[in-house]
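One chain comes next, on its own, written out as structure tokens in the form predicted on its own.
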């Protein structure tokens, strides 16, 4: 549904995007990861027909994103990274305008308004960042489209709303939608994405199926033992100890099963997995590319 082929946009000798190539298939979510200024938003602006490429091309549903931008826009729901609605309008007026501009389904609109509820009588200029983001999510997905392009979609959302958005995205994926999502929030990418790419200095430095990335990632577990003696005994064979706390690196499901069997012979208080394991893996690739 989304195809980018050697897309290049040169702003100068070192700034822009260079030879970006990726595909997003129906029924999948593609994660686009990278630091600020890496080229994520520039790539997305090409998809929305806002920039003309220096070289290469981008297509959505077979339509060229630059020369056939009107057809592209009919096929896409877009959530921009910078929300910029008319300041004098209320949330209800923005939703009503969206209903007028696009073909929408009343039942779908109702579900979105219930799931991402806020005071729709508030004028945009008085809205918090979270309220604006919920309004943007509603207006993006009100439009029934085969493709959705989301630039930092959870920005400004509280944890409950983040969970609701993740659930919504999974439902859309299961309905066969093709979704390209840029984000800095690695846990949400790990939960939702089927494939991901890391972009740095305008170039993609790794692209891989999420399952492959999970299998190659090093998972770290923190174990709290009942006594320092138990921790010392355990670290005679593996792990790094700090008092009664031990950290163990696991590289495969087999290693994890062996760890659990070994711990059956010890008195432990807790076992926790480390956070952002996928982030650590991407940062490893990022570091190798510097």
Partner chain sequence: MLIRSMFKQNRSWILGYSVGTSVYLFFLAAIFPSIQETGLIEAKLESLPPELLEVFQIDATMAMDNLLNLLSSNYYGLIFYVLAVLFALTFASKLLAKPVDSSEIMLYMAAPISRVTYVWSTFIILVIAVGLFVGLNGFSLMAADVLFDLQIDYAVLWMLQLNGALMLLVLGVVAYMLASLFDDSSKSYMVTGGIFTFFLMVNIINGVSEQFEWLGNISFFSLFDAPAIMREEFGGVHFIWLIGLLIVFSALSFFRFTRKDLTI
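From a predicted model like this one, the values you see are computed outputs, not experimental measurements. Residue numbers count along the first chain shown, from 1.
The form predicted in complex with its partner chain is left out here; the points below concern that form.
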### Message
Within 4.5 Å of its partner chain in the model of the complex - does that hold for a heavy atom of every one of 114, 190 and 193?
### Response
no
### Query
From the list 168, 118, 186, 85, which entry has a heavy atom within 4.5 Å of its partner chain in the model of the complex?
85
### Heavy atom within 4.5 Å of its partner chain in the model of the complex - residue from 260, 249, 229, 50
50
### Query
For residue 93, is any heavy atom within 4.5 Å of its partner chain in the model of the complex, or not?
yes
### Task
Look up in the model of the complex whether residue 255 has a non-hydrogen atom within 4.5 angstroms of its partner chain, and give yes or no.
no
### Message
Quick check on residue 89: any heavy atom within 4.5 Å of its partner chain in the model of the complex?
### Response
yes
### Message
Since only the chain is shown here, I'm wondering whether residue 63 would be in contact with its partner chain in the model of the complex (any heavy atom pair within 4.5 Å).
### Response
no
### Task
Please determine, with the chain shown alone, which of 261 to 269, 22 to 30, 51 to 59, 229 to 237 has non-hydrogen atoms within 4.5 Å of its partner chain in the model of the complex.
51 to 59
### Task
Could you run down 58 to 82 and flag each residue that has a heavy atom within 4.5 Å of its partner chain in the model of the complex?
66, 70, 73, 74, 78
